[in-house]
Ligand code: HEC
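Single chain ahead, by itself, as structure tokens, in the form predicted on its own.
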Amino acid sequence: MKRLLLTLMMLVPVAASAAGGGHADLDEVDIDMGDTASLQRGAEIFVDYCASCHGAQYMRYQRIGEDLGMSPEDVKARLVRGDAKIGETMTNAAMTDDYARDAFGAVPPDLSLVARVRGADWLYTYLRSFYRDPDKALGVNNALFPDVSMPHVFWREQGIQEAVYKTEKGADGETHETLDHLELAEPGTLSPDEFDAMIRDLVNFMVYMGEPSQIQAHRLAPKVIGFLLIFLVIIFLLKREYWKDVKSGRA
């Protein structure tokens, strides 16, 4: 519990500062906990692109398999990398904190709860908002999270975006160059629609990671609603029978 609270305390200030410093409007993403195929694809994307730097210490491979309808063999083949065991949490053992500070200037945060802290639309927009910036150490910047120290891990799939600026006059009367929008300068291996679908699958999985119990909640919801509807009919019939006796003076 102490580790959970510490993670939330570390993520909330970062989320607040990032949300106030970006230039991009948030794009809406369709999150569907009933789309098992999307969640499975998102889990694979997370393992292949995110887990080499980030961990998800509150999630276990085995839990993911059980929730997403994957057999233990399937989980091992599609999600488990290196020497990790299926019953272990998705901790990142490949990168030390010292190496991360030297390489990126910061320790990559654990992503178990990032979707709950930032929101699905924020993640969806952020992961699609990297653009080329030669002035930065990593050669990229982000329209939603300026000066972020994360590299653009999806550059092969998305391609390279360029920033388009516009001139605006500020309150001080001076003109300033501000980011207007991003344009695709070099196409990637995926079309824009295919890339958006890929990121949607990843965000879908990260939303699930933030609250795994919602899978069971979505599966139980039709049964609960059905029970309540049947119970409502029974209550109505009982009420009608009771009031019939009241009106006849027999109650």
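Everything numeric in this text was worked out from a predicted model, so none of it was measured. For every residue, the number given is its place in the sequence shown, counted from 1.
Same protein, other form: the form predicted together with the ligand, not shown, and the subject of what follows.
**Q** Where, among 222-230, 202-210, 66-74, 30-38, do residues come within 4.5 Å of the ligand in the predicted complex by heavy atom distance?
**A** In the other structure, the partner sits against 202-210.
**Q** Under a 4.5 Å heavy atom criterion, is Phe154 part of the interface with the ligand in the predicted complex?
**A** Phe154 belongs to the contact set for the ligand.
**Q** Residue-level contact is defined here as any heavy atom of the residue lying within 4.5 Å of the ligand in the predicted complex; does Arg118 satisfy this criterion?
**A** Yes, contact at 4.5 Å.
**Q** Considering non-hydrogen atoms and a 4.5 Å limit, does the ligand approach Arg60 in the predicted complex?
**A** Judged by the heavy-atom cut-off of 4.5 Å, Arg60 is well away from the ligand in the predicted complex.
**Q** Hey, in the predicted complex, is Val164 touching the ligand, heavy atoms inside 4.5 Å?
**A** No, Val164 stays farther than 4.5 Å from the ligand in the predicted complex.
**Q** Quick one: of Val107, Leu79, Ile160, Leu144, which gets a non-hydrogen atom within 4.5 angstroms of the ligand in the predicted complex?
**A** Only one listed residue qualifies here, and that residue is Val107.
**Q** So which residues in 107-131, when you check the ligand in the predicted complex, have a heavy atom no farther than 4.5 Å from it?
**A** Contacts from 107-131: Val107, Pro108, Pro109, Leu111, Val114, Arg118, Trp122, Leu123, Tyr126, Leu127.
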